[in-house]
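In the form predicted on its own, a lone chain appears below as structure tokens.
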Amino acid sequence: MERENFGSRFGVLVAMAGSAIGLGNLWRFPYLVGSYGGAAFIFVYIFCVFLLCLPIFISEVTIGRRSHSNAFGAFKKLAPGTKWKWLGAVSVVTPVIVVSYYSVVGGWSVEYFLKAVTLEFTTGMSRSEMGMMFGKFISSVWSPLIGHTIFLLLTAFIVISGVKSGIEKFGKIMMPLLFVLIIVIAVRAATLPGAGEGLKYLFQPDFSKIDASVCAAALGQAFFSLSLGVGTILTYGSYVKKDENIIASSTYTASADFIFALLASCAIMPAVFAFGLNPQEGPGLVFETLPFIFSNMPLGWLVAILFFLALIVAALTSSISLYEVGVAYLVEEKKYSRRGASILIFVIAWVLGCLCSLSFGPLADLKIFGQTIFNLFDKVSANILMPVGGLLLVIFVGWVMKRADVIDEMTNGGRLKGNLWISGFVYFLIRYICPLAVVAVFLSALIF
């Protein structure tokens, strides 16, 4: 059976942008901006995205398109008879672990979208009552499990439909919708009395706030926001046609990821300042602080519906790419049908996700290495598997693959004349600078 590819350049862009744009942009990025000095953090983040993480992104696409294989098969094909196939194995296992707990948070988004639709955020509850509502919800048994199941089923349904008919088609519809939704919310937030202070916080940097912890947080967010080191970009890269300009596509993806993260901050921070709240709210910003703001905002019920719809879409575009890594492996290496592979990944992710969900309630006292199951999965994948995977990927491209083969992919066999000098610079970054950047991410997770 002929292997599927993305059908168009726009399809490549929306699929890869969808992989990068997710809860990390709409949930994690705004609270990091608030916690690490606003515009100063954004300034460092731009540097990290385009100078350090973009070359790593290009590395993954290069491996995928050069091999035209899944995350495991790519290393068997490009480095046959070596131990590098075990990096492929890690690249398959990691996204399955990630999607299992990611779908739990996706399920929270489903629940809060339903709360918005049923106008539960218009009751005038206090900020502390909103926090208690969230705590009561995630510590219960059935509601989070139902949300987790619904979210994972949506992901599986799209992946079963295939690369063109499922992943690409979903991205072409939902990515533009996602940008429209977040722009509408940002415009509404900017019209609130006092919103100007929030915009000033985002766009007027105080460079004295930049320190080692800000740099570490910005580099880590850039690394994880672009889905590096988990095999998703490698797998999507294997569906990219040989005539596609992978440097341009990767740059467009990184740009879209950054722009969306900035728009998300513009949708959230002006509202936070308008209501006199602390921008350093942390992870509870989306599920505790924002519902309080919506409940006190004119037309807040509509903004709440749009926001949590955007959160679901953003979460889905990333979960699809994580899910596809395991499916591609099972289809190509174990000869499963796409439906059979999708069902097996669903079962594994659903069981693991149930354990993660219950770790906020009945299994809260079950600790492994001092961590709940949810926190353990999050920390092991984000702090160990992703950075190590990213480091080995960039070492593979910079030191194992032939330089001529890497440049050949970046220039489409020399046909892209404009990429000839750019590819040399990118290769230098991949070979020497990016490995140090990934090590910095790894160490920052331990130090900060």
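One-based numbering along the sequence shown. This structure is a prediction, so every number in the text was calculated from the model and none was measured.
From this point on, the text means the form predicted together with ligand PHE, which you will not see here.
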Ligand PHE isn't shown here, but in the model of the complex, which of 204-212, 183-191, 223-231, 347-355 has heavy atoms within 4.5 Å of it? 223-231
Do V438 and ligand PHE come within 4.5 Å of each other in the model of the complex, heavy atoms counted? no
With the partner left out of view, is A15 within 4.5 angstroms of ligand PHE in the model of the complex by any non-hydrogen atom? no
Heavy atom of I56 within 4.5 Å of ligand PHE in the model of the complex: no
Is M386 part of the interface with ligand PHE in the model of the complex - any heavy atom within 4.5 Å? yes
Considering S321, S265, S359, S91, which brings a non-hydrogen atom within 4.5 Å of ligand PHE in the model of the complex? S321
